[in-house]
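Taking the form predicted alone, here's one chain by itself in structure tokens.
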């Protein structure tokens, strides 16, 4: 395991030059202190977990120190925000410190969020606050534990620096990791500013660094776009299967790697509601839970437009046409597994859809239902779960169909339970749990958020003494307003 001073940097994106990013140094936070760190994320850099306890750890990730080989850069990009094109966005409160190469020769971006003003801050202060930094940390590491592709979070550093939002809050920095922080909006920026030579440079960089398998294709750009479509189809299927709501699916928040990116007013469904809007600033419901599938397709179309100088329109359309069938295939496979089914049946789509309709009308806790379904033999589980539904006749009909379907599966109940518990989490990142941990952290008590992170790192396993994290949310906890404000 490595110490912090042993990290090896290879800053490929910085070498693209000033047309792609601007050199900016982080603005230090006052009286930095470590709030929490992820040993699993540190392992991606081969870092010894004990390094988090060193004084220099908090100083590095609060802007007070910098590696000599780091090259902090604020990236420039644009994007469609709530469907409207914004011609110049960029890292307004984040910096790409550099790219670290681990012992497996993997490149990891070190991106410091809340690092201060940049040329792209657009009248903002460039800061992040403690609550939003904790929320992104928890989401990043929990999504990874669920098996959903995501950027990672290495640590949150708190401070005494005052930051004004709706009220005075304390400033914080989040260090997040990803193989790349290139977004759909990077391609849009160079396309809409008619910088096609720069667009070509960007595409060649992305191909060489992240899609080398596409370089041997007849048209590497077309092959890359197809891969991006395929990755996003699987990503959104995982979001929908696990009830994750992103909240701000602007094209500048979409990663070219097909990973979950830029957590803001996210939420996991408590009671199932296909029309749930987790961002209280989203007045039109553009980014509601049920709209995430068509919006992902829309964003891919926006990216396709930016690639037209290098890919024929018909090829782009052909790849876009794969999105929905691929999404449906991945989604149905995930939902079958959540239901304990190992084989495919043409009637499964209707079985899944009918269950969701019944959940909607009865406000059934979405993820808890699937965990409880695996606890007992199918007939016993159906009898127990029946109490949560209002439309008893409808649920009884669904239950008969499910029991007939489950009877066609092989194996014992012990095997079924183990199979279902491996995909249905016992511990959930609920907004009210995050809020309670945040409020404690704002008082200077970091133990609740550290415990919550530790529990969520093993979401499928029974953890004795942690039963309070498995309870249904209180009514107030289902209606917390979460905004983009950070």
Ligand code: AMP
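This structure is a prediction, so every number in the text was calculated from the model and none was measured. Positions refer to the first chain, counted from 1.
Keep in mind that the form predicted together with the ligand is missing from the display, and what follows is about it.
A.B. asks: For the interface check, one of 121-129, 346-354, 147-155, 330-338 should have non-hydrogen atoms within 4.5 Å of the ligand in the predicted complex; which one?
C.D. replies: Selected range: 121-129.
A.B. asks: With the partner left out of view, is residue 92 within 4.5 angstroms of the ligand in the predicted complex by any non-hydrogen atom?
C.D. replies: Yes, residue 92 lies within 4.5 Å of the ligand in the predicted complex.
A.B. asks: Heavy atoms within 4.5 Å of the ligand in the predicted complex: does residue 165 have any?
C.D. replies: Judged by the heavy-atom cut-off of 4.5 Å, residue 165 is in contact with the ligand in the predicted complex.
A.B. asks: How about residue 109: is it within 4.5 Å of the ligand in the predicted complex, going by heavy atoms?
C.D. replies: No.
A.B. asks: Just checking whether residue 367 would be counted as a contact of the ligand in the predicted complex - the rule being heavy atoms within 4.5 angstroms.
C.D. replies: No - in the predicted complex, heavy atoms of residue 367 and the ligand never come within 4.5 Å of each other.
A.B. asks: Give me the residue from 81, 281, 209, 240 that has a heavy atom within 4.5 Å of the ligand in the predicted complex.
C.D. replies: Contact with the ligand in the predicted complex is made by 81 alone.
A.B. asks: Sort through 287, 77, 191, 221 and report the residue having a heavy atom within 4.5 Å of the ligand in the predicted complex.
C.D. replies: The option sitting close enough to the partner is 77.
A.B. asks: Along 244-277, which positions have a non-hydrogen atom within 4.5 Å of the ligand in the predicted complex?
C.D. replies: Contacts from 244-277: 252, 253, 262.
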